[in-house]
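Just the one chain here, laid out as C-alpha cells, in the form predicted on its own.
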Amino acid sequence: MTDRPLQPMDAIEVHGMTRSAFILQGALGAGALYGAGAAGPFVRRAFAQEGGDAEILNFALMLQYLEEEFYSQALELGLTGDVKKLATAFRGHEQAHIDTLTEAVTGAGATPVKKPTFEFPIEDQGSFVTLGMTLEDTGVQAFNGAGPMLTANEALAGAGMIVQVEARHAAALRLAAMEEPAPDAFEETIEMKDVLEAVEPFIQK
C-alpha cells in the first residue's frame, strides 16, 4: 500500500477490529481499493448468501446503521443551534430508513444484517460537521452505484426516495462547513463490492 494523506474517515473504529485500514472515503472516492481481495466471512454471511435485491437492500441497511449511529454519538457531544437541529432530524431520518429497509429485506425473504458497534472520532461540533459531510457524500455515491441493480420496482423506488434525502443531508452539512452544497453537476458512484471490502476489516464478527 502506498503512503497517502490521512482522510477524515481513517480514524473511524468499529469495535472488535483494527482501525488502520478504514479508508472508505480516501480509497473509494479516489477510485482505488485498498485491502482488495475475496470478501471476508462477514460479507459472505450477511450479503453473498442473500443474493439479488436482498443483498443490495442489506448493503443499504448497513450504511444506514452506520449513519444513524454517527448522529446518535454526535448528539452526545453537546451540539448547539442549527447543527444540533440537523443532527437530531438526520438521526430520525436514518432510523426511518433502517425500519423501512429492515422490512424490505424481510419481505424479500432474507434476514436483515445485524448492526455492528461503531465508534467515531468526533469530539466537537466542527469534527462532527466535517466527518458527517464525508459520510453522507460517500453514502450517496454508494446508493447511486447499487440502486440501479435492484430489480423490483418497489425496491428501486424506495432506494430512490432514500438517496434523495441522503443527498440533502450531504448538502446541508456542506453548507454548515461553509462549502459548496452541490459542487458537481453529476455525482460519482461507488461499487457495492468495493464498499463492503473496505468496511469488512472494521466490522465485529
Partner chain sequence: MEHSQSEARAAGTGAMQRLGSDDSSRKRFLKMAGGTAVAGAFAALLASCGGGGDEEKAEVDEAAPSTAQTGDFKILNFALMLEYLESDFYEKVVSGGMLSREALEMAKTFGEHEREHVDTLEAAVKEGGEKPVARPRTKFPLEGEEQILGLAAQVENLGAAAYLGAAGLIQSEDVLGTALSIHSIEARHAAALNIATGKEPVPFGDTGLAVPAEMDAVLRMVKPFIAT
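Residue numbers count along the first chain shown, from 1. Fair warning: this is a prediction, and the values are worked out from it, not measured in the lab.
As for the form predicted in complex with its partner chain, it is not shown, yet the points below apply to it.
Open item on the list: Between L86, L131, L79, A110, only one gets a heavy atom within 4.5 angstroms of its partner chain in the predicted complex; which residue is that?
Closed with: Going through each option in turn, the one that passes is L86.
Task: Contact at F90, H93 and D137 by its partner chain in the predicted complex, all three, heavy atom at most 4.5 Å - done: Yes, all three are in contact.
TODO: Indicate whether G52 is a 4.5 Å heavy atom neighbour of its partner chain in the predicted complex.
DONE: Output for G52 is no: heavy atoms all beyond 4.5 Å of its partner chain.
- [ ] May I ask you to check whether I56 falls inside a 4.5 Å heavy atom distance of its partner chain in the predicted complex?
- [x] Result no; I56 lies far from its partner chain in the predicted complex.
Task: Contact flag, E119 vs its partner chain in the predicted complex, heavy atom cut 4.5 Å - done: No, no contact at 4.5 Å.
TODO: Look up in the predicted complex whether E191 has a non-hydrogen atom within 4.5 angstroms of its partner chain, and give yes or no.
DONE: E191: no, not in contact with its partner chain in the predicted complex.
TODO: Check each residue of 149 to 172 against its partner chain in the predicted complex and list those with a heavy atom within 4.5 Å, in sequence order.
DONE: Read in sequence order, the residues that approach its partner chain (within 4.5 Å, in the predicted complex) are L150, T151, N153, E154, L156, A157, G158, G160, M161, I162, V163, Q164, V165, A167, R168, H169, A170, A171, A172.
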